[in-house]
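Given as structure tokens, the chain that follows is alone and in the form predicted alone.
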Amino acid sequence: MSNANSQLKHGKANYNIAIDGPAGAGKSTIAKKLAKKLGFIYVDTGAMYRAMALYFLKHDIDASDQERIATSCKEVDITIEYKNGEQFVILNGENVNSLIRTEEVGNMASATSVHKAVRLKLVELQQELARKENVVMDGRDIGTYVLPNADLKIYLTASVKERARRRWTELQEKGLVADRDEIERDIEERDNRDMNREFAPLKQAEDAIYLDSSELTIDEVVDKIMEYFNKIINDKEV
């Protein structure tokens, strides 16, 4: 058992870890491994957006109907539970794991995630989950907006070239043809959009630890974050 895990039993009620960073930095992969190592809940924010989209589809709500979407958000409760190591996405009391991974739901999630009402509702639900559980949450505005009081904040990044290489390798392994230069341009454009959007833009929180993963393996990044977290636990125990 890790030092963090053993001391958690004697510490505060729950801990929150926020991991932010640009596309392709490895946030989700790192967050999932870290959560598993700590025995925390990995908050799959993407799955939560899909569950919301499923609700809209079930109630025949058009993706462009801002008024109905805003009203419907008040009727939705979404949370994430783990049982025997498996994640369950719960929508108004129903396990919707088998329903949210379709292309239809994915398209609806993409179309409705632009609405401020959807984002505000999901942030509210994510904050509620973080108040009750030990969580690791990743995204682009977790430390700055969703969990501003997180116990540990990491700003995980990598060079544009390295992130493009990782994406290109991933596509190659799937047997897909891809242009590395084009991927690099896409990443630069996405960074620009994320960093300059009006609502909750991507930026490093003032109290976040900057971690460049360009030259690190996944396990090395996880180990570094564990070191930072163990230090926080030890400091609180003193």
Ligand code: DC
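Because the structure is a prediction, the values reported are computed rather than measured. Numbering starts at 1 and runs along the sequence shown.
Note that the form predicted together with 2'-deoxycytidine-5'-monophosphate isn't included here; everything after this is about it.
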item	value
Residue (of 194, 212, 188, 65) lying close to 2'-deoxycytidine-5'-monophosphate in the model of the complex, criterion heavy atoms within 4.5 Å	194
Stretch from 102-110, 160-168, 85-93, 70-78 whose residues place a heavy atom within 4.5 Å of 2'-deoxycytidine-5'-monophosphate in the model of the complex	102-110
is_contact(residue 56, 2'-deoxycytidine-5'-monophosphate) in the model of the complex, heavy atom dist at most 4.5 Å	no
Heavy atom of residue 49 within 4.5 Å of 2'-deoxycytidine-5'-monophosphate in the model of the complex	yes
4.5 Å heavy atom contact, residue 140 to 2'-deoxycytidine-5'-monophosphate in the model of the complex	yes
Heavy atom of residue 119 within 4.5 Å of 2'-deoxycytidine-5'-monophosphate in the model of the complex	yes
